[in-house]
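Next up: a single chain in structure tokens, the form predicted on its own.
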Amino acid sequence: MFVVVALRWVDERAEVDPLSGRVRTSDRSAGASAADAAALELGLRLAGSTGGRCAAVSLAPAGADELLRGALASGTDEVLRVEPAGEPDPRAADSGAGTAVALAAAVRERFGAPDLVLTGDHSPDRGTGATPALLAAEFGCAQALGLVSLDTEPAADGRLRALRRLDRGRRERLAVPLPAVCSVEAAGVRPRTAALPAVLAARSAEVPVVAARAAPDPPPLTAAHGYRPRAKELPAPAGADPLRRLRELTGAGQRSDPPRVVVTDDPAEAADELLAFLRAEGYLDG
């Protein structure tokens, strides 16, 4: 079985400029999310149990080379970095469509059609979680998303047995035909720790790079600004005098009594104070 694991290079400790909203990331703190690490571990187990191959790919800038070298140290047979086409608009949300198109084209060109593509179920950097489904559409294969477990050995009929989380604590058992794209959660999977000799050997490994094909046009961005609450609607003031109308709208010149605090331990006195206030405001007669 040939398994391709799609890894998203993401900085979970990115800093956001409070004025401009621009996101600043660092190569030192960026890497794979917990869900992507679980997908890599499952891919390695599946390839190992079937005597197949496992490759890791990522659509990311050069900073992701260390991420892919880490995948090599963990046991992947090949890695591939897809260089993004152009700078994305930081104000526009990533729909996942461009990522799926670029990854599918690069994988086909480099490796051919895979039997299984594994990804994390979502990325923590404003990802929509739609990339796995869009990848399945690009490859024209089955999809099983949001899996909490995946058997590392195919059943007798060649299908993979999986368990998917549903709402209200329910679970759904799936028999996934191949080829397929599966996204997994991080729960219940402990990624392996690469051996020191493998880590040292992967440090000098060259990461193949291919340029992404032109991504589809992103959704048009018509405006990007901070949240502004709607203005409160007030009834039109009565009368024709502009000054009086303006005072009525703004509350200028109106009498306002200062707040009065009554402190007493006598319940009867507190009740009398409350009744007097309600009468003065017109809520009680007499």
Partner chain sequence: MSDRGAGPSTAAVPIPRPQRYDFDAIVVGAGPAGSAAALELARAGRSVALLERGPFPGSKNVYGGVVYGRVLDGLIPGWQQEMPVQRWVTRRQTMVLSGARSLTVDFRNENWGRAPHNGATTHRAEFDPWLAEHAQRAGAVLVPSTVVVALLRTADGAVHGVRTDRPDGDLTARVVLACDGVNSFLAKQAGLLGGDQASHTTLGVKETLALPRGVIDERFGVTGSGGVDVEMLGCTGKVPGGGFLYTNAESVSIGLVLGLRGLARAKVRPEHLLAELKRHPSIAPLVRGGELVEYSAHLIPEGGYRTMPPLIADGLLLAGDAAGMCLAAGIWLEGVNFALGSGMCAGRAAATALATGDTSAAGLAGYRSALRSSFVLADHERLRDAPGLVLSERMQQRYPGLLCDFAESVFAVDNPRPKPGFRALLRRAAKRNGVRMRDLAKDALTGLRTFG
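For clarity, every value in this text was computed on a predicted model and none was experimentally measured. Positions refer to the first chain, counted from 1.
Although it is not shown, the form predicted together with the partner chain is what the next lines describe.
- Only one segment in the set 145-153, 114-122, 199-207, 169-177 has any non-hydrogen atom within 4.5 angstroms of the partner chain in the model of the complex, and it is 199-207.
- For the chain shown alone, residue 194 is a contact residue for the partner chain in the model of the complex, at least one non-hydrogen atom being within 4.5 angstroms.
- Although the partner is absent here, residue 28 lies within 4.5 Å of the partner chain in the model of the complex, judged by heavy atoms.
- Not displayed here, the partner chain is approached by residue 13 to within 4.5 Å at the level of heavy atoms in the model of the complex.
- In the model of the complex, not one residue of 263-285 has a heavy atom within 4.5 Å of the partner chain.
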